[in-house]
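The chain below stands alone and is given in structure tokens; this is the form predicted on its own.
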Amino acid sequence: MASPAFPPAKDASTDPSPSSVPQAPKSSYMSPLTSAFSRFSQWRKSLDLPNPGTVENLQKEVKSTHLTNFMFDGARADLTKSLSMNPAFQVTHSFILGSQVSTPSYNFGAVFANNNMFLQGSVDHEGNVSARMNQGWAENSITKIQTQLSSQAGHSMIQLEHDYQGQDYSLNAKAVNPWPADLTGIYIGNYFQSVTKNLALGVETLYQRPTPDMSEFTTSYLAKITSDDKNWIATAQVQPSGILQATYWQKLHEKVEVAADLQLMASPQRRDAIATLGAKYDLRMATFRAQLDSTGKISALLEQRFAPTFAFLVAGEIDHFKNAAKVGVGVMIESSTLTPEEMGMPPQP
């Protein structure tokens, strides 16, 4: 009897079936680039570098210690009323009288804030309106809008800004009074990168185009050094036009901070320098700031709180070179229509 016929064995070298046909490697021209970028990202992540903060807050500690943003003269009163705690909503009435540098004024402001949005607006007695909005899209991505409407020519403005915080870097893009038709306005971009755990370097570029036929392009360089225990911070900002600003802040004690600021201008048209030294003392119910600069000005500000909702302020400045002096007094009063439980305070016995 004839043996059953079996199909011949398949030879892998001659079999044309799909399983035996060599497959082309699944690769693309971009694979080397993506692989290199992936390795670079893993290497940066392994360094565990901290976020350097934003360029806008480069000198935050120095500004909090010095009197530049707190000094006033004449009489001042700020009356604040909290209407809600979650979301936060409060209104403020501000009065300024007897100032040597500004006319008497009244300002009404309101603040609304929740987990993702911050809204602030104000209007003064002359009808000037200012507003600010911060919208958080993610924990590290925030869009900011500021605007001011004024009856005086050239004082109205709008500013569009976006902040992005990476693991070890920060990015910021800003446009002031942009006009898409002819691209006039002011455009600012900066990049701040942590190089080590204590050193961060950055660059900021400014492009001004006030008219279609006039433009200016400048770039400044930034550096920030922070101690391991965050007890001192040194910063520097250099502009090619010959301007240098260097600051140093140190926390001497839990309640004592000192700061120094040096501004140098070395250009063919002008050579000048201003140095400022300041100290801040946080007491149990008071904050005292003192400041001395190279122009002969000595300033001091005392904020005394007699209760959590009431504070009294006294400010003074003496200019020895101009033989002039300024004095200011103020009060800050806060009130609320909410009960202690609604404000999140523990119930009173």
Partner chain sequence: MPSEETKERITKLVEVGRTVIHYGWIPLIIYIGYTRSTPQPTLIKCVVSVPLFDLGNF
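Residue numbers count along the first chain shown, from 1. Just so it is clear, the structure is predicted and the values come from calculations on it, not from any experiment.
Beyond the structure shown, there is the form predicted in complex with its partner chain, which is absent from this document and is the topic of what follows.
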Contact test in the model of the complex: L262 vs its partner chain, heavy atoms, 4.5 Å: no
Heavy atom of F310 within 4.5 Å of its partner chain in the model of the complex: yes
is_contact(F112, its partner chain) in the model of the complex, heavy atom dist at most 4.5 Å: yes
In the model of the complex, W179 touching its partner chain (heavy atom, 4.5 Å): yes
Region of this chain that lies against its partner chain in the model of the complex, out of 220 to 228, 252 to 260, 274 to 282, 90 to 98 [heavy atom, 4.5 Å]: 90 to 98
Candidate from S105, Q135, S156, N140 lying within 4.5 Å of its partner chain in the model of the complex - any heavy atom: S156
Contact residue in the model of the complex, chosen from S241, T211, S151, Q269 - any heavy atom within 4.5 Å of its partner chain: S151
L79, G121 and I333 each touching its partner chain in the model of the complex (heavy atom, 4.5 Å): yes
